[in-house]
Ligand code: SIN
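Single chain ahead, written as structure tokens, the form predicted alone.
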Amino acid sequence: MPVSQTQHTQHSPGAQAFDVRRLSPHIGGEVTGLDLAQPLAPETFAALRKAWLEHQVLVFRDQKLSDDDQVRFARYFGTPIGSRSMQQANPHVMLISNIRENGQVIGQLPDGELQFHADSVFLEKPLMGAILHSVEVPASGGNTMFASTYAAYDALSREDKRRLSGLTAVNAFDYATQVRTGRFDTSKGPHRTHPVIRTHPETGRKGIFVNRLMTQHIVGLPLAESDALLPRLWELCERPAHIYEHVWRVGDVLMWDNRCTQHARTDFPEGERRLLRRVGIEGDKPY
């Protein structure tokens, strides 16, 4: 389907109609015609979920959502999950911000760029997805790039697909040791073993499920072999042709399927304020 093509979604009387414009060849769709602060009719939600599964990332511009509106929207898709390490006024909301009050950062992931990753893969049940709403954005930078792990898997050779089938990898949460030594220390934070190739539980499609930020090693392979293989898989996921880069505007709502995407953040000027609200959606155990 050409990138510029728009899909027109029809509904029964009483439901809201919306359009979806494809944003890149492999990933991303912009939805128009919906006010997410309003409840969705069942037929509308069913069509919206179908669009989400197809496009993997959905973008909604010019939205005005309260915390409660955002949480309510997340509940259509599953159980909302907020911050695991910082207390917010609404327990289902995680602030992503570099804003400091009384010398303390009010949110998480405050400054600089972030490498490609899928959220919470160091847990037994990584997030199904997440919904991010922009409140303040810098004049430039702080873009979020989304990579389709479906497209990355499809680009593998038949031999690589056979070789990777059944392999698992350790994913860890230990950024400090990784930055200092290039290795993780799994004794210092949560870690879980997940398939290298994940099957999406709703679409049945396969995607690469290792990432540059959190994957430590492939189980059962000699370290040198694992160290040579993982960067090949990361680079395949991060191919420009497999990526949609989102330039934020205030009022954007963006939701991604964490089961078949990875995302990263570009750097932005120090001292420029950035504030986004994230609501995660509880996931299941990858297979």
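Just count from 1 along the sequence shown to find any residue number. Computed from a prediction, not measured in an experiment: that's the story for all the values here.
Heads up, the form predicted together with succinic acid (SIN) isn't pictured, but that's what we're talking about next.
The contact residue chosen from H117, H194, H191, R72 relative to succinic acid (SIN) in the model of the complex is H117, the criterion being a non-hydrogen atom within 4.5 angstroms. A single residue from the set N98, S134, T144, T215 has any heavy atom within 4.5 angstroms of succinic acid (SIN) in the model of the complex; that residue is T144. The stretch among 147-155, 194-202, 74-82, 109-117 whose residues place heavy atoms within 4.5 Å of succinic acid (SIN) in the model of the complex is 109-117. By the criterion of a heavy atom within 4.5 Å, W256 is counted among the residues contacting succinic acid (SIN) in the model of the complex. Heavy atoms of L23 never reach within 4.5 Å of succinic acid (SIN) in the model of the complex, leaving it off the interface.
Using a 4.5 Å cut-off on any heavy atom, the residues of 249-276 that reach succinic acid (SIN) in the model of the complex are, in sequence order, W256, H263, R265, R274, L276.
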